[in-house]
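Taking the form predicted on its own, here's one chain by itself in structure tokens.
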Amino acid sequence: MEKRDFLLEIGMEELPPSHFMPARDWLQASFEAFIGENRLSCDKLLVSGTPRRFFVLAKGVPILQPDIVLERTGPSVNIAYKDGELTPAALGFLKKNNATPADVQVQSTPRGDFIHLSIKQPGKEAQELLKDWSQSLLEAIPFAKKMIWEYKDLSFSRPVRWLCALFGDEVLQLKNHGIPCGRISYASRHLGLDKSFEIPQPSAYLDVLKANRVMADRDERLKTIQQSLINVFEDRPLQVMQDDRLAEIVCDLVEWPTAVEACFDEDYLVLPEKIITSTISQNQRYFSVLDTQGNFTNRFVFISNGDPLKSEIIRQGNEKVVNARLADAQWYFNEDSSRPLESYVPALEEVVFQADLGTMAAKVKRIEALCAWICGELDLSEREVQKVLRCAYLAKADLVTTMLGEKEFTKLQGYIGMQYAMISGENSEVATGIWEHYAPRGPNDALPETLCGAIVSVADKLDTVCGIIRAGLLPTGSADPFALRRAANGVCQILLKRGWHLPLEDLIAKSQAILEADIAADKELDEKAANFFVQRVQWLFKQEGIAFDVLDSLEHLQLAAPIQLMEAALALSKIRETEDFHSLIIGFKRAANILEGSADSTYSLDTKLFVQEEERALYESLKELRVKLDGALKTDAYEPALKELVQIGPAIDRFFDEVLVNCEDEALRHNRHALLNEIKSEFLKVADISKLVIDNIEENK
């Protein structure tokens, strides 16, 4: 069958970098779903674009759908015919399927003979199908935020300026809100906003755009940027600091990338490194340059989207901007560091943390109180306690400095505090803890290394989660404006890494008690806070590879110390694979099934009612288990505890083999249920193993 290439280009004003990849991925998924649902195919597909255009380039699309034969079975022959003529029921079946009496066949089945149709459905033209799909796209492409311009019924990330749609040599005339559509596309901005050109056919698209200074394939553009950053200093002992995330962002800012070297005044190198990189990388999207020892230099590289022949003029403009920003930063830094960091703490009274929870000063007091309690639980020395409390007192002081107050360097909160603390002569661990207490800031961020940073981080995040939820602002769906999920994850991660035996239940309760000084307790909301932490524990442990059924079986430990839950989960994951434990699970599940919904389990056990040796033997094993289990659990020795459970397995098996639990004698039945209930209670101290999923195991009946 004849094939053609298909091209759709959506031209628009520059997209924000964060909007590009989600929309591109959606566009590719949409086209792949379209060709699958419409029985089409393509030999090669490329979906990509630049800040000013998306494109779909599908090579080798058949011009027609393949024909298909639809099989339709109608009423039985006895119903379809009367006196040799088709009945109304049969005629209705034919009308429904646009068929004639000549099309009728008789099909024999095990259920009898039925009239049948084999309807050939010719394939539709791919051109019309592609046109319909293309016209439905603009409204459907998802963006975090959309805008409306002259077309009141169309919203998009940025105004759409042109459409280019081709199937082979033919233009697909798309009717889309009056947006111009044809074979016209537009060049890179530095060649002129009105510089247009024709795309003769889809296969020429990428080359024609390159001739007009547009590198439309994002992957090619990214590789070009990465290579140019390597090449720029190939003749000198300097290197661009690797920043893959920044390279991705810059790739979605340019259409024709050119790496340009520039520099700033050497005097600014006295500033802390992150202030320089924040100015260069975060604000300006430029790349820092290091020497062979890894030290910062006064050079930087930016990726220009302008005319390469005018790079010198562009360089001078960018240098002016960077020097001006660094001059501001130096002034802020010198002004702020002329005073001790602690002198900024009183000003936190003027900063509102959250309307119902008071000021940042009130939050600092709560953090200090929670830190003091945690230090006591960890039995720290007086010297360590003093450092932790000093770190908590100073942790938020930099929020009211000029450097952060001017909103230029807000992402450096904590880092600025650390720098000012060191200048003020604070203990180095205290200073580092100020920076670290915000960690982890994201899923891939490191955890605090210092004791100060770890404790203050836990206290700060607990106060935020418990306080915000008590204020009635529990996250819903994807909305989490206070980043409570990240904060709760951080608490669990730090506790786990440190191996602190601090039960989450106790930490939450203490934080909620401290909060009462600023916001009244609410039992329902406080329970939601505890459940919120349970969800985060489950998420974290699943990331660590713990099976869902293991977590379910340890439900009673999910507000324990995370290290305690991890030890139990690892022990259970290990022992569940043994044959003896498989047998134990079967026996325990039998006991749990018998007791489920049984009022008999509320009766007390009476050893005088034992009439069979297997009952007495199981009870003696239970008494021995209770002693050994309590001893093991006092030291959180979960693997030995689980092994003790295995030891009682044979006694349980003999009991079920020889004893009729649900006997007719009511007193004996009550007593046997009571015995099973005591065994179940003992098991639940360790794990509810009835929730474990064991493949290929048949339960004994």
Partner chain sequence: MTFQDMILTLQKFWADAGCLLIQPYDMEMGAGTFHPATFFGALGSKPTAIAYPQACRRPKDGRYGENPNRFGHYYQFQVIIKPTPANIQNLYLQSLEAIGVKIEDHDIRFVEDDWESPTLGAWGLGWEVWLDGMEISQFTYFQQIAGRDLFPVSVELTYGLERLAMYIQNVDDYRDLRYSSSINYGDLFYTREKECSDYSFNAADTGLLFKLFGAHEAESEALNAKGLVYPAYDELLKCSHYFNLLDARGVISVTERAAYIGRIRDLAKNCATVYLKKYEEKDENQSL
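Note that the rigid core is defined as the largest set of C-alphas that superpose within 1.5 Å between two forms. Positions refer to the first chain, counted from 1. Since we're looking at a predicted model, the values are computed, not measured.
There is also a form predicted together with its partner chain; it is not shown, and the following applies to it.
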*Would you check, heavy atoms only and a 4.5 Å threshold, whether residue 502 touches its partner chain in the predicted complex?*
no
_Taking its partner chain as it sits in the predicted complex, is residue 22 near enough to touch it, meaning that at least one heavy atom pair lies within 4.5 angstroms?_
no
*Evaluate residue 321 for contact with its partner chain in the predicted complex, applying a 4.5 angstroms cut-off between non-hydrogen atoms, and reply yes or no.*
yes
*Would residue 182 count as a contact of its partner chain in the predicted complex, using a 4.5 angstroms cut-off between non-hydrogen atoms?*
no
*Only one of 560-568, 121-129, 367-375, 278-286 gets a heavy atom within 4.5 Å of its partner chain in the predicted complex; which is it?*
278-286
_Contact residue in the predicted complex, from 538, 87, 354, 203 (heavy atom within 4.5 Å of its partner chain)_ = 354
*May I ask you to choose, among 114, 197, 151, 81, the residue with a heavy atom within 4.5 Å of its partner chain in the predicted complex?*
151
_With the partner left out here, which residues of 281-320 have a non-hydrogen atom within 4.5 Å of its partner chain in the predicted complex?_
283, 284, 285, 286, 303, 304, 305, 306, 307, 310, 313, 314, 317, 318, 320
*Superpose the two forms on their rigid core, then report whether the C-alpha of residue 248 is displaced by 2 angstroms or more between the shown form and the other one.*
yes
*Core superposition between the shown form and the other one, C-alpha change of residue 316 at least 2 Å*: yes
*Once you line up the core, how about residue 649: does its CA shift reach 2 Å between the shown form and the other one?*
no
